[in-house]
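Presented as structure tokens, the chain that follows is alone, the form predicted on its own.
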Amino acid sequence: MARQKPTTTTPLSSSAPAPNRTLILDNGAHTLKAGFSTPTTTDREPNAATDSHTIPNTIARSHRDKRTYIGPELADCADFGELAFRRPVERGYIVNWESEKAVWERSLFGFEGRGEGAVLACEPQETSLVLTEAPNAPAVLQRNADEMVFEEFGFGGLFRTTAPALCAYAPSPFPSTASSSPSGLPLECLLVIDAGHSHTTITPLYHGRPLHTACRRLEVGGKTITNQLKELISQRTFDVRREDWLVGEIKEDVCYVSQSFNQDLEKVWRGGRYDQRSSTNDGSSNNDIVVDYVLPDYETIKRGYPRPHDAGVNVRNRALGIGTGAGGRREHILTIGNERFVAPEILFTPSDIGMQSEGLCGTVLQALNTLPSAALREAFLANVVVVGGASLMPGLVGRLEAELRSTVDEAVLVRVARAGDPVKYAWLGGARMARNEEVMREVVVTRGEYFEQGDLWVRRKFAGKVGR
């Protein structure tokens, strides 16, 4: 059942206050992070694990059961083989509002047929929306977002901001500053590295405000790494170019960022035609890198899993035509070696795939070098926070910190930390900000103000060029 547009029977007044109930929506390219926060909830701090929902931001079409899954309906899918995805967000921007509207309707509002707890019961007229967007978004896309929020869905208020800006309101991941960040107030100095699905952004924040001239963007994200892993596996074993979901799970389960790329390559090198070997020069085994990945069949195995590599068992069972699983069940095994760290390496060396761009460390230094003073650069280097789904790969934080240390003076303090929940870190910051009524009155634009002042005034307001 389609949702009807809201109708207004009474004149809208710009002096009417924004609703107290606030919906924080981190509108990511891969998933939505959504949940409510109200200023009256003062008995406890917001909890990202229990107060927010992670919802796929996609429309998926299955070539096997011929069904279409929209947003949260993807949880009902039993066979993820050969799923075709259409995502409303591309390169960080909402470019298909028809698809995004369908995902929102099934995620944020009551929708017939959904189970209890599957969606948020949101009443737009009684709710203010905190909506995230990519840094430096084009004005036409900002105008489209404002129109959809106020005219299509009829929200009572809106604060449109970037996801990194909300991170300044989240608890600091550094123990020395965690106790000095009260709810509702931003951290003084923070450099946010958001390694998301479609790209990675570097955003310096000063008292919660982004320094736009220093913001940088690296066109490598989780999707790029997944595509690179698909190419590597397809070239060496069998074609998985249509298995986006499967390769994404393989990446999450086994990929890591190497701390010494050349040494890891040496470990898995098996030699040439006349100098084959099964171990490294120092006699150590390479089994700590090479793993066997048991592929799902979506009947008995719903999700694949890695296990230690055993070449002898796999070859013998394949020759005998018997299974390798429990009860003699035939398992499909994918042996993964240097693909585990070669695919994520493009985050630090994009030239490996032909991109004329600096890696993650170089892009961070580019952002810092635009700052006016050395003291400010040192303050940001001491407060680097990594968020986003791609930051969950083991070794990323350690590699970044090591490369940054090697480029600055030894006396400069370099601290790099990953947020406790890097996927929901921006949502948590927005939930903490929404508890401060004074801050919300300053930043939220009401529906009455939108219709009275116009969309240009709204964009200037969110850009900080119009005072209350």
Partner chain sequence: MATGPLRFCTPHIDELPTTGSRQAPGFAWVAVSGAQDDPAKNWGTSNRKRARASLNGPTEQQKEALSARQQREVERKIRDLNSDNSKNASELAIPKKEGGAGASGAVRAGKTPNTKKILGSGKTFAHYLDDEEAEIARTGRRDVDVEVSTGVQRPSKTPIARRKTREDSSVSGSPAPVTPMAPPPWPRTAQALSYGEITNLDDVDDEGEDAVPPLPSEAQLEALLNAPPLTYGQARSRPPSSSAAPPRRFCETCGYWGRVRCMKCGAMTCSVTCKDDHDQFKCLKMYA
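Residue numbers count along the first chain shown, from 1. Source: prediction; values computed, not measured.
There is another form of the same protein, the form predicted in complex with the partner chain; it is not shown, and what comes next is about it.
Between the partner chain and the residues 252, 126, 239, 219, the one pair within 4.5 Å by heavy atoms in the predicted bound form involves 219.
Only one of the listed residues (307, 332, 302, 207) places a non-hydrogen atom within 4.5 angstroms of the partner chain in the predicted bound form, and that residue is 207. Annotation: in the predicted bound form, residues 211, 265 and 366 each come within 4.5 Å of the partner chain through at least one heavy atom. Interface membership of residue 75, defined by any non-hydrogen atom within 4.5 Å of the partner chain in the predicted bound form, is ruled out. At least one heavy atom of residue 85 is located within 4.5 Å of the partner chain in the predicted bound form. The partner chain in the predicted bound form comes within 4.5 Å of a heavy atom belonging to residue 443. Put simply, residue 394 is far from the partner chain in the predicted bound form: not one heavy atom of it is within 4.5 Å. Applying a 4.5 Å heavy atom cutoff to the partner chain in the predicted bound form picks out 68, 70, 83, 84, 85, 86, 87, 89, 90, 91, 93, 95, 97, 98, 99 from 68-100, in order along the sequence.
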